[in-house]
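Here we start with a single chain on its own, the form predicted alone, put down as structure tokens.
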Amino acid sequence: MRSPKDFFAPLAVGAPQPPRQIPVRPSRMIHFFDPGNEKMAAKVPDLAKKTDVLLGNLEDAVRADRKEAARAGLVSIAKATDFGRTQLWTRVNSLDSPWVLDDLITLVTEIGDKLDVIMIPKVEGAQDIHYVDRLLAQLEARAGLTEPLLVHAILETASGVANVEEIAGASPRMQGISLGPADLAASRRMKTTRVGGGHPGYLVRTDPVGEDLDEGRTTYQQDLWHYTVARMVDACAMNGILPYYGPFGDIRDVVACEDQFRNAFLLGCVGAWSLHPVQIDIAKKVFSPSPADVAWARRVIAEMGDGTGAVMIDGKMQDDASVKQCRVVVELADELAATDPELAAAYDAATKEIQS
């Protein structure tokens, strides 16, 4: 373990200073694309206008015989595209793969000035982040980069969940953590073949009425991922980084996708992965506070004055804890509104309406 005095020191001579605070930028959706797919690559400039984050995927969903083409494709796309306000991320191959070293060397030295975040899959513990941290510093120094690249871990093994707190605090580069439900399910030997979402067999049932054990008993489907997401959110909040829900694999079921994203949002996640363009608007909607919620939060903050004591607003008690909750909503709304004129107008209109 590094001394606290050395935690923010560069890990290589000539490497940029590690960040003391993670920049908070809109990242409601992390939209995945295959940079080795020419049709998909052609859509990148248009997608950049619609998304908060575009991620060039080099790992799962890219066949072994197409790994090098995907890596080269990402380099070409990054050099040729003006991403504007949209962040460019990548997911490299796992640290035990034969491709990851070439991924990191190539991407950092050739397009390190265009990348914002490098996503590391199947992180088992802090040791994985330490390895990447040192290697990135060496490559940044070689490439002459002036800004450090950030690291994002995917929580998709039982060991990763058990060590999530140390992963979140392993490096000043840590930007956030995403849930990876499919690989995590396999690692835990869970009996589901779904990519995220619930399962009809994971349920609770109301008590029986009378002697008939079947009649009139309502069932309620439960969330397989509630514990893991909540623990991940706590680890991220404790270390000042950002939590994300991962993929929702049933592209057709936009209703369940929205439900799963909203569960994650309410628990504290700031965004989710989008695997298909139809999920972009779902994530944008869910991970943006509603105008009504923003207007109410602003009203509570205003009526609470200096934030101490308690008041009654429309028959509901509000106190200093309420103000803290409301500030979370308002601060997020302000961050999003700063880059989204339509959202800003909707928030202002709702606020004026509730004040009138």
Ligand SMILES: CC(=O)SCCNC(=O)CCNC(=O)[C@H](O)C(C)(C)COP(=O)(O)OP(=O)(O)OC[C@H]1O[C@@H](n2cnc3c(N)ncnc32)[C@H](O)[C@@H]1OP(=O)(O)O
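As the structure is a computational prediction, the values presented were derived from the model and not from experiment. Note that residue numbering begins at 1 and tracks the sequence as displayed.
The discussion below concerns the form predicted together with the ligand, not included here.
At a distance threshold of 4.5 angstroms between non-hydrogen atoms, residue 31 is in contact with the ligand in the model of the complex.
Interface residue remark: residue 277 is counted as part of the site for the ligand in the model of the complex, having a heavy atom within 4.5 Å.
Although the partner is absent here, residue 247 sits close enough that one of its heavy atoms falls within 4.5 Å of the ligand in the model of the complex. Looking at residue 40, you'd find a heavy atom of it within 4.5 angstroms of the ligand in the model of the complex. Listed stretches are 236-244, 124-132, 79-87, 267-275; the contact stretch with the ligand in the model of the complex is 267-275, by a heavy atom cutoff of 4.5 Å. Annotated contacts: 47, 57 and 195 all touch the ligand in the model of the complex [non-hydrogen atom within 4.5 angstroms]. Taking a 4.5 Å heavy atom cutoff to the ligand in the model of the complex, the contact residue among 321, 317, 61, 292 is 61. Proximity to the ligand in the model of the complex, defined as a heavy atom within 4.5 Å, singles out one entry of 182, 95, 230, 139, which is 182. Counting a residue when any of its non-hydrogen atoms is within 4.5 Å of the ligand in the model of the complex, the one hit in 84-103 is 91.
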